[in-house]
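Taking the form predicted alone, here's one chain by itself in structure tokens.
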């Protein structure tokens, strides 16, 4: 059986790095598009191809897809993972901030889907890494929340649009995952952590999760592996929580 090919945006750190590792271990050709390589070469060697990418640009996604097709001749999975969060009250949100978070989190996913669908054949799948913030609001978080609600809508709509082509589109909605990026974002004076990111995350899990803990990046990655597999062949248009039971649905 020929190796399958996956493209992962933002697959160089945080949840994205866990997703990259999972697909390497599953035997995929892995292409990572991100601004910086980080430690990908040291960690994975030639098992991962890094391509400098600014996900805000349509052309960058098209270049990612072309590189994957040129090397492997196929595109099976495209994962829109790149994004960021930042807490700000609405009075501190300006054009520059709003334009950037929309361009990164939402337009980045749009362009990724568009580029992937230009090359994907029957059996392919797109996975959008969203958040439970795309299902419920929280204070001082309106910009991020809005992008994730929109991403969830994009997932549902595109699944209906391309299902007749045998292509599935799903979203994954993690709760708080203690990555370096989240810990940094929680330093914001407007965030819920009040300066203690690690303490807030631990307390949040105990008080809100059915399992009394929060998921790991590896558990988010495991959901992506499932959604990319034949085992999920009847699953599309879903935004699936990976949250240890924080937000029952």
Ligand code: NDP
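Numbering follows the first chain given and starts at 1. Just so it is clear, the model here is predicted, and its values are computed rather than measured.
A second form of this protein, the form predicted in complex with this ligand, is not displayed here; the remarks below concern that form.
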Review point. Is the gap between residue 124 and this ligand in the predicted complex 4.5 Å or less for some heavy atom pair?
Key: no
**Study point:** Distance check, residue 39 to this ligand in the predicted complex, heavy atom within 4.5 Å
**Key:** no
Practice item. Verify the contact flag for residue 54: yes if a non-hydrogen atom of it lies within 4.5 Å of a non-hydrogen atom of this ligand in the predicted complex, no if not. Key: yes
Practice item. Would you please decide whether residue 129 lies within 4.5 angstroms of this ligand in the predicted complex, comparing each non-hydrogen atom pair? Key: yes
Check your understanding: Only one of 90-98, 174-182, 135-143, 112-120 gets a heavy atom within 4.5 Å of this ligand in the predicted complex; which is it?
Key -> 174-182
Study note, to complete from the structure: If we test each of 187, 35, 212, 203 for a heavy atom within 4.5 Å of this ligand in the predicted complex, the one that passes is 35
Practice item. State the residue from 159, 106, 75, 82 whose non-hydrogen atoms include one within 4.5 Å of this ligand in the predicted complex. Key: 82
Point to revise | Residues of stretch 213-240 in contact with this ligand in the predicted complex (4.5 Å, non-hydrogen atom) | key: none
